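One chain is shown next in structure tokens, namely the form predicted on its own.
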Amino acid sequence: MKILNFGSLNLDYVYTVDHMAAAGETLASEGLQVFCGGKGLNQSIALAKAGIGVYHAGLIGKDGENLLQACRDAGVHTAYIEEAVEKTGHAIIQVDHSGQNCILLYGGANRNITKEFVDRVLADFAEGDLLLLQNEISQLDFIIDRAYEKGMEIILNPSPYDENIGRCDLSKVSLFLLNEIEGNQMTGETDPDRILDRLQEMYPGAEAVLTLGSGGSVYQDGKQRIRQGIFPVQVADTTAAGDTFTGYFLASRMEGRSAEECLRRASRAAAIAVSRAGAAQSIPEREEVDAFTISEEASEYCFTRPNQSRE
């Protein structure tokens, strides 16, 4: 069984600010750092650092060589990363003193994925292989359809949520990984349990992991609903927290760990990531996550209950 991440590769321009710029406001930044990022790249690096041999497929421009090198340095298989005429995708990220962020995304080469490229990549994968997707590349609906035809297990992080998601046949997705905002956009619900109830109604054959920021995370599979609290740390930058969580959750799942342990390990990894600046470079190594013991009292928030809809 192999895992393919068909995803974005971005250059992240991170500006430190006192507060997020408001409409019409000119705001001087306190600093600028440039990092490797993109939800696809971040999740591939998290998988690789967690010990999984992940293949990444995507496009970069001539200015994206450092993204390719970052993948190689982390142990990501890069044979399916190709060069496009368009400039590399990038993000402009404001980070305030509390570590919260605001992101402006430019798709660039990520939006130049063609059907021919998709077919060429998927030709090397087969039934039972895993496919991880986000919504920062073009041809998302075509990739889902082709992978489903091949019998691959499709895992979707529907971020950012926009009209492209609406063109996808989400009944073909085996596992959704999403946050509260995306959960609301998919279901129209705001309460976390209502979001999960509605997801179960809409896609009864799919598993789901809902991340809730400081509220922790919840997993459901149609039989049970499992909750995990956070591990409190001093927050420096939340940019890659969700991607780190995704990578470590999937890596743990591929290793055959229980849902409880998958959530717990992913939460540890995300806690380490938010304590550091940057996106890809904030993702911890497997040994760091397994040695992480701070705030173990958060374990009291981890429990299992029957998956019953709330009235």
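Quick note: we count residues from 1 along the sequence shown, nothing fancier. All figures in this text were calculated on a predicted structure; none of them were measured in a lab.
This next part talks about the form predicted together with a small molecule, which is not shown.
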* Interface stretch in the predicted complex with the small molecule - options 249-257, 55-63, 24-32, 38-46, non-hydrogen atom within 4.5 Å -> 38-46
* With the small molecule left out of view, which of 50, 279, 270, 263 would have a heavy atom within 4.5 Å of it in the predicted complex? -> 279
* **Residue (of 103, 165, 235, 212) lying close to the small molecule in the predicted complex, criterion heavy atoms within 4.5 Å** => 103
* For residue 140, is any heavy atom within 4.5 Å of the small molecule in the predicted complex, or not? -> no
* Asked: Can you check whether residue 132 is within 4.5 Å of the small molecule in the predicted complex, heavy atom basis?
  -> no
* Distance check, residue 122 to the small molecule in the predicted complex, heavy atom within 4.5 Å -> no
* Asked: Looking in the predicted complex, any heavy atom of residue 217 within 4.5 Å of the small molecule?
  -> no
